[in-house]
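Here's a solo chain for you in structure tokens, the form predicted alone.
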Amino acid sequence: MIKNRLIGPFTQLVTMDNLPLKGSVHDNQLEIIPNGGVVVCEGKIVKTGNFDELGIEFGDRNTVIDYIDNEMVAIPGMIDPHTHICWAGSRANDYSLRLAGKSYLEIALGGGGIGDTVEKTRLASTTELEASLTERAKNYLRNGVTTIEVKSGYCLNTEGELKLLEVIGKVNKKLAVDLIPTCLAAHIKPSDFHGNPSEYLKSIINELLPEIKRRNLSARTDIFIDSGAFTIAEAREYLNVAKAMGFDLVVHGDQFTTGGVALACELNARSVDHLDMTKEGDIQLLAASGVIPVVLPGSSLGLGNPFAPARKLLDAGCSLAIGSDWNPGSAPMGDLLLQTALLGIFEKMTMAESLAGITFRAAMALGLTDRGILKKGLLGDIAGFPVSDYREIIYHQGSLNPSVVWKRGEKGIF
């Protein structure tokens, strides 16, 4: 017989329910249930509310109780909507050069950058890639991140990109955490491709994307629009074809130069990510669109650049999701909560806005409507922090980790 699982009592249950997808959010808008409980069955939430009342309603032999006997605040399992965590090798040399004053583009032109990781990842075995991805994903889950977007983009040929997406799929099947694969074969034109960037993109369209569809390896495709990557015109042609093939569109835009936001809005992309250089006009375009802006404070920290204009985006009526951009080059930290806390203090974001950016707004950046909020019918993904006040989570600036994580209602250190 299928059993319900009653989890609680939580000192505070922060549901993230009944909040707007777009615009600013004040802390007093948060729904906080004191002495809260969550009932989960078959991975989904049946009901939230007062723990004692839920105990009376569901307190029969078909209910098991995960009883919490210390102070704990629960939030939805966190969601990282932008990572590159399937790679091999290290770019510590790049980082040392950056500290010595070299720019991202100068390092790339000198043989470092994405091309260096491509070389190492192509040489790595499937076993090696699975092991490293597994460890990074487990680290996320221990830290309360229960859904992770993972991009390919570090092989940049048909065989290698398929290898990366297959690895992401295999690790997804064996771990409790959810990995959402994205094809980023349009990261840069690889140095060994004998043709121009437009011809490289056509090779992706003709050779790689149909095979991804056939094997059901990803429903999303991303492209890097910037100096040293692809132009607006090249990206427009590529994304239009990918959209016609049924892929959700994602744009790496406005990291070093502008233009990516406008194209993302033109094509109604799912999200546009980075936004470090986004100006007022493009902010207004985003506010009027359904595109989710994803800001990446980890990249700003890794490169020593200013943060994306999160406060301006929110005040203009945009949504705002926050991703770590965990990658071996520009964002090697991989700590979503720490980065969120730092972004919040520099951009003067409320705690509610910060939490929204790594829960339900991040879910929408991935096109996921079944998580990011603790409410009936959604996934029982919960991060429990050993405090009595939800404000402690952001206040500790990433040094406070969850003491317990539930994935689809199952408790564990996974």
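Note that residue numbering begins at 1 and tracks the sequence as displayed. Quick caveat, the model's predicted, so the values are computed rather than measured.
Omitted from view is the form predicted together with a small molecule, to which the following refers.
The listed set Thr121, Ser319, Thr146, Asn327 contains one residue whose heavy atoms approach the small molecule in the predicted complex to within 4.5 Å, identified as Asn327.
Only one of Tyr200, Phe224, Phe307, Phe247 lies close to the small molecule in the predicted complex, with a heavy atom inside 4.5 Å, and it is Phe224. The small molecule is not shown here, and in the predicted complex it never comes within 4.5 Å of any heavy atom of Tyr140. With a 4.5 Å cutoff on heavy atoms, Gln255 counts as touching the small molecule in the predicted complex. Though the partner is left out of this view, His274 does reach within 4.5 Å of the small molecule in the predicted complex, counting heavy atoms only.
The small molecule is not drawn, but in the predicted complex it has no heavy atom within 4.5 Å of Phe230.
With the partner omitted here, the stretch from 333-341, 189-197, 80-88, 287-295 that lies within 4.5 Å of the small molecule by heavy atoms in the predicted complex is 80-88. Against the small molecule in the predicted complex, the set Tyr104, Ile114 and Tyr154 is in full contact: each member has a heavy atom within 4.5 Å.
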